[in-house]
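Presented below, as structure tokens, is a lone chain in the form predicted alone.
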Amino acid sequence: MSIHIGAKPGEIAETVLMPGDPLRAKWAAETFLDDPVCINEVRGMLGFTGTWKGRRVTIQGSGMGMPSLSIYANELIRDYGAKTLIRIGSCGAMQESVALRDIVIGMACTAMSTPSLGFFKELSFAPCADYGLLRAAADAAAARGTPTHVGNIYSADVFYDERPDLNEQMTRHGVLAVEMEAAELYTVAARFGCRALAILTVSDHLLRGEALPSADRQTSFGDMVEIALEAAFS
């Protein structure tokens, strides 16, 4: 048991999928895992452990934003021995070539700051995904015929952004999409020698002003979860 996770020793698998929304963790566990058991309810941040094709998997909510994600990633690795952490979440497209419901896989992350910024002082650390996971996820997406984009993503500190000039520069430099957690996940995983990847479903489009209706968001995320599971065990 850690400060923010109430699971007992052995209740968390080495492979952890991390949606931001705890209710999405519940949905994913009940939809894709066999015999899921709730192993965490602390602060309402639900976590479940079950099996997928005979392999143990934990799906643990991480909350919104990098500070919250950092807490859960650190404790999952340090206190429970997690080895593979895959973020499954939504993102906002920043390129015309990316459409609603497409999958974005984060090869690297751009960020103005992260909770780990103080570790590096004057160094500009470049958070990047585990290559083996990234390749396996891209292959799994291709096999499913799911429209998928692999490249740089932006991990934002704020949801209600008022910097159109910054967004314009990221679009100009090929950043695929914006989300709020991956840069810190990649940094924490690198610190502890673990594998990490962000697989995201496009729920909004910054350039077109489009957005999935809330009722469609959950049902559109199934491909992302299955790609994450296939990548984790490839």
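Note that residue numbering follows the sequence shown and begins at 1. Keep in mind that what you see is a predicted model, and the values were worked out from it rather than measured.
The form predicted in complex with hypoxanthine (HPA) is left out here; the points below concern that form.
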Exercise. Counting only heavy atoms and a 4.5 Å cut-off, does hypoxanthine (HPA) in the predicted bound form sit next to every one of 109, 131 and 198?
Worked result: no
Seminar exercise, completed: Answer key, hypoxanthine (HPA) contact in the predicted bound form at 4.5 Å (heavy atoms) among 187, 49, 40, 203: the residue is 203
Exercise. Looking at 70-78, 122-130, 84-92, 136-144, which one sits within 4.5 Å of hypoxanthine (HPA) in the predicted bound form if you count heavy atoms only?
Worked result: 84-92
Problem set entry | Proximity of residue 180 to hypoxanthine (HPA) in the predicted bound form, heavy atoms at 4.5 Å | yes
